[in-house]
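Single chain ahead, by itself, as structure tokens, in the form predicted alone.
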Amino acid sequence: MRSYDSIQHVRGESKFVDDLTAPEGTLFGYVYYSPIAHGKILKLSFESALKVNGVHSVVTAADIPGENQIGGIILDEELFASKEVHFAGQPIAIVVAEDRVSGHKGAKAIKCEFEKLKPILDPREAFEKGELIIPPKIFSIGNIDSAWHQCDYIIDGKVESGAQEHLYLETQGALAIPLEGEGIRIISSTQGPTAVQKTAARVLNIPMNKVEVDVPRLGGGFGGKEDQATAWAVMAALAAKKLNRPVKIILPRQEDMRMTGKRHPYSSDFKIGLSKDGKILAYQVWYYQNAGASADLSTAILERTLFHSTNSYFIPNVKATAYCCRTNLPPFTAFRGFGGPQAMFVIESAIHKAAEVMGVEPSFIQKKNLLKEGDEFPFGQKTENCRAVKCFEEAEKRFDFSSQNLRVKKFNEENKLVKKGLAVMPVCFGISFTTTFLNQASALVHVYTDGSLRISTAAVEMGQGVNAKIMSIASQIFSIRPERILIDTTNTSRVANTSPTAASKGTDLNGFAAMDACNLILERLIKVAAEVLHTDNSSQIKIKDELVYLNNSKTEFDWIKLINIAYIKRVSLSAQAHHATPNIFFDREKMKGNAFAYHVFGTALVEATVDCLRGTYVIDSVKAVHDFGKSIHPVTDRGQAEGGIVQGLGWMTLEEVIYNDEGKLLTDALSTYKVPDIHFAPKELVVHFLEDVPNPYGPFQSKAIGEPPFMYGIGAYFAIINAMKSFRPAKSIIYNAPVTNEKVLMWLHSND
């Protein structure tokens, strides 16, 4: 089954914000931002900028008619810094000019005087100074204090995980067009159209019904455009309103990297207790989340870290404590996995260290503690349709763990300077927004008299294939060719009050809504067919391959004839439907509830080879057994799994985000920030679809795919570590990701 978006991409026919023909008279905005991480604004002067040829205006906080506030969950983030700056890259103004070059020159001409203040860059320092965005959050189950007395082994340690740049191919951007009656149309590269609409209305001091947000598609998002696309759209709208002319803002790559937040870095401590037979009896963990200068989505991300603190394992006694620490770095934000990967890396590090102390393979402990049906998570929900063991055992059998271990052991015995490592990575990931009210979506479906369809939903297509899946759903319901179906842009005027396309819920929520709308129209068509075929039993009518059947026999009517008969009979060929995920809730006072509609499971085997003389490594293979449910669109699902795995590998290995002591980003270009390429990708990448595992809670029994495969990349860290340990078996491991070539080399050849 082909993905039609992919075909358009290859042909160069896909249209993104900057590809759209701008209206006549469109001006361009260039952002002037803070060069320092923390300080007071003493004087802002832009007279010289206004004298630059082509510059029309400089827009600052003083031009805002409404609130200078773009915070989502917590109102703690100004659109433009007014009195104080809190991170290097914080917007202070935009220069509006005839073209980008003039805008850039104007921005360079702005003069701003600061009183520098000492920045806080480390989350533990922020914690010590009381710089917490919200009070600590705690998940617990059992009795952690009494459980330690039952343990034969108690191991503790520290884990560091770094940030990660989204590096979407299309940088942040928006085009704002003034409309009559004080209205504004914003064409935005955002995962959250309603967030843009709501925030623009707040800043411009107009009602939401005067703000139309349209999203054609994104050239990648990965969470980086869930909340952080909002600022640029609102800036463009503010400038357009001030000058009464269309304004476009497209961030250059380097400015995008400097001004936007990334995956949250975490510094964590753990304590794990086990019995002699490898059962985990107790687990205590403390997460220090580096939130950056404002809340953004950090509080929700922190919660998901707690939700995934035990990964794919049942542990009877758990206490997980999380701190949301404010620092003077760009606000860190959503990224594929949304805090889950950081938690999983900590529990896997704890298991890895425990295995070393006990003299067993980590996979022995992993398998011993896998979730089983009815086991309880630390937040109170019990597993249902649990496939943790099934995935592990299928991977163990299919990829022959035993013989692979023997092969690697033999290789390491025969080679002195080159070593191999294997690691197993189980995954359990919950599917739903943990903020319950976000689990809703609407769809609008029109059937035209030539038999074609147009479908509008809240889902934003960002390369993940949600359009292909919704098209497939409608195609199956009506039994018509996919070519008859057009998935419309995402627009707040057609579908209101949208949840962001995030949390791997794009297809689940919008697919169900589209399914319900299509079924409403189908019921009407079946009723019309029953009338013209003179039967009182509608169940005898079927549409199959665009033909109408009565009692499994072809009739003279086909899809187009039936549509036109319905139209002549004045039967509505349009339908709107709303879907809300049932039976989910979470009580934030008790920190308990059924937060997820279901979980996705899987297990991967990862192999790496390390050149112990040079500190370089190769990821030889990633082989995964993954729980897709019953896939709606296997081509899309396989692509998402493979892409997620490689992105996860990057986070654990190459992708190091570095700020200097003054909070300035050093890795702000593709010459200094390295992401996986075709040469780095595993030589062998196998994704096996777990068989016979329909999901009763997904459209056509499917499962979400966006985020869960990312976590398989964590296995690469431990495969590399195991290879390093083969070279220096007596040396202690420092759990610090990403494990770059430099870190590998220093560890292998240092004497500490």
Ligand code: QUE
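All residue numbers are counted from 1 along the displayed sequence. These numbers were taken from a predicted model, which means no experiment stands behind them.
What comes next is about the form predicted in complex with the ligand, which is not displayed.
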Of these, 551 to 559, 156 to 164, 500 to 508, 528 to 536, which stretch puts a heavy atom within 4.5 angstroms of the ligand in the predicted bound form?
-> 500 to 508
Is residue 338 close to the ligand in the predicted bound form, meaning a heavy atom pair under 4.5 Å apart or at it?
-> yes
Classify residue 226 as contacting or not contacting the ligand in the predicted bound form by the rule of any non-hydrogen atom within 4.5 angstroms, answering yes or no.
-> yes
Can residue 586 be called a contact residue for the ligand in the predicted bound form at 4.5 Å between heavy atoms?
-> no
Is there a heavy atom of residue 297 no more than 4.5 Å from a heavy atom of the ligand in the predicted bound form?
-> yes
Assert contact residue (the ligand, in the predicted bound form, non-hydrogen atom within 4.5 Å, options 480, 618, 675, 73) equals 73
Contact residue in the predicted bound form, chosen from 564, 489, 435, 667 - any heavy atom within 4.5 Å of the ligand = 435
